[in-house]
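In the form predicted alone, a lone chain appears below as structure tokens.
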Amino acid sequence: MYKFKKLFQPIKIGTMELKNRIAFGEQAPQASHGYITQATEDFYVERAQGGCGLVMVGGICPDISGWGTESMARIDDDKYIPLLARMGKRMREVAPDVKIGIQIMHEGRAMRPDEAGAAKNLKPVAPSPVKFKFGVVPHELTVAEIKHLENQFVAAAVRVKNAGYDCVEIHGAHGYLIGSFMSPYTNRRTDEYGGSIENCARFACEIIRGIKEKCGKDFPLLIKVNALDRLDKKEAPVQLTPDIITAIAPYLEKAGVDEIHLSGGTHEAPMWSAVGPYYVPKAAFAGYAAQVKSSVKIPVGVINRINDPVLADELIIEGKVDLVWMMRPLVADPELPKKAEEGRLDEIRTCIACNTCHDILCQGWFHETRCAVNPDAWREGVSHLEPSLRKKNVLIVGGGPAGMEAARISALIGHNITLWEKDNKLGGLLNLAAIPPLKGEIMSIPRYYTSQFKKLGVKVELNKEATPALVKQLKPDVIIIASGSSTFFPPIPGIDKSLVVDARKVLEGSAKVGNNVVVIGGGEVGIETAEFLGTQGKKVTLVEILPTIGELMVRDVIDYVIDQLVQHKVEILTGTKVEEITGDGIVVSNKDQQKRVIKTDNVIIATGAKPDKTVQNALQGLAREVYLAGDCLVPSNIRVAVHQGNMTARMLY
């Protein structure tokens, strides 16, 4: 068992001592008319009792000019204090030893006033009128307006203190208002707020000094900053770099800040977004944090792509950082700190950095988010489980994500659970999803469930096909069928020819293909199969009938995967229909009805999935209650499968 050396040692930030070095990084609070919702309160209370040293609530808007969405929480008026105070009180009640804070965040030029859900009649403001890639040209702040906003930040910090919180943080990263003053890409001013390093740091420093003056030197103040912008160098030849932020850091320290933690990227970055997906290396910004740490004496932390407490401990041992901030990992498993400290590493539900949470958040424009692996996230107040009134014998057929989650919840309710999986391992299609490059972390999902099944007494039988005879012998009260899906083969002439191969068989290795292949289907499976084969040096053509590929994929991921396809010289044909599969290739037509013959060794079908009804048809009527969950009901993704398994099991009371 791993023995932690540093992660669970206390650390002081100013006058505040944390019990350990895990801090929960801010997750945008859900709000209504600026007031935090009950769901937000329940969410943060759950994180507080999970065992971390610090919980940061945020970001919360200090001024109407930075209120990017109608569902963004506000703190620009005393009327918002009571609900924030109530949430803080509840956090202290469940975890008296946790420290709590609120992050103040002004979106600045990153506001998208034309998006659905955006706050009405507001124009973004910024140090300079540099257009936001996904928004509009912002208003350039006058000096008088800058002073006003500084006062607003200070007043917001006073409200944080009056609400009973232990500390306050200001958001200076990801291209938001404070960060845009620090970056030479977005700050092109020639007055005292632009140009030199000292001038670019001035806005943040004046806010820091103002907060310290009004809240007292003993009230801890933290700041989150970017290590680098990671913008396209052609579009932004001059931008924020680690050297610039390292030079800025001493000014922040001198102004009175008590801790600095680093992230990186902006929402304009072409791939490495502000919320790093799975392809971003683990602890990608830790080296930059170490660079900043060498220039200041205050504690320095890091956030982004650190989902492993052992890695977090190693970063501190190596002296790169003093504490580690986690956001998505504690959304996936609020009890990660407690489990790690108690040596229960195999019980941690690991964040797979799929960025489903971030994608849903942005699609709903800060309305409501979800986690792919934790269906209770943002539902904490309504997801409490009560013991079943009658213990039932439940048979789960299928060990994919839906079946595994159904088994876990059913066992927690108090039922006797047997899970049959026809293959020799749990995971279902997760085993294939983990095969494309950099996707191996997906296998942490069946690892988590395996640990839960041992703990909960779930009987797992592998290589077990659910035949009617075996089910009759078991005599279950309930059957939950989670038997998955199969590949949908469209009615293309020639699709039954020998050169045609199922993409699933290619990924699992049971079907070998030649060096020249065509993949039909530009969804996630098709794209990742093309990428997988491209890394092997094969000549790949990807054909999609829709105008674009990856239409339902996470937006933070699709740009990266397309870039990989380009690097591996995959030919991408969109708006292209497959007319026929011949003995040595395919015939396609474009939107202008122009036909083209493509010679190929193999045609790989990745045109979606269809529910597998075989098990349902065979077992229907063999138990008093029979339910469907996951792909055998409606083929979708990991999040939907897990959520369906969760909700199906909750019906068994």
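All of these numbers come straight from a predicted model, not from anything done at the bench. Counting begins at 1, following the sequence as shown.
There is another form of this protein, the form predicted together with a small molecule, and it is not shown here; the text below is about that form.
Candidate site 275, 305 and 328: all three near the small molecule in the model of the complex by heavy atom within 4.5 Å: Yes.
In the model of the complex, segment of 99 to 107, 209 to 217, 453 to 461, 177 to 185 with a heavy atom within 4.5 Å of the small molecule: Only one stretch passes the 4.5 Å heavy-atom test: 99 to 107.
Exercise: residue 59 in contact with the small molecule in the model of the complex, heavy atom 4.5 Å: Contact check for residue 59: yes, within 4.5 Å of the small molecule in the model of the complex.
Touches the small molecule in the model of the complex: residue 159 (any heavy atom, 4.5 Å): No, residue 159 stays farther than 4.5 Å from the small molecule in the model of the complex.
Partner proximity in the model of the complex: residue 410 to the small molecule, non-hydrogen atom cutoff 4.5 Å: Outside the cut-off, so no.
Contact flag, residue 27 vs the small molecule in the model of the complex, heavy atom cut 4.5 Å: It does: once the small molecule is placed as it appears in the model of the complex, residue 27 has a heavy atom within 4.5 Å of it.
Heavy atom within 4.5 Å of the small molecule in the model of the complex - residue from 504, 349, 171, 293: Of the candidates 504, 349, 171, 293, 171 is the one lying within 4.5 Å of the small molecule in the model of the complex.
The single option of 568, 415, 358, 339 touching the small molecule in the model of the complex, heavy atom within 4.5 Å: Only one option qualifies, and that one is 358.
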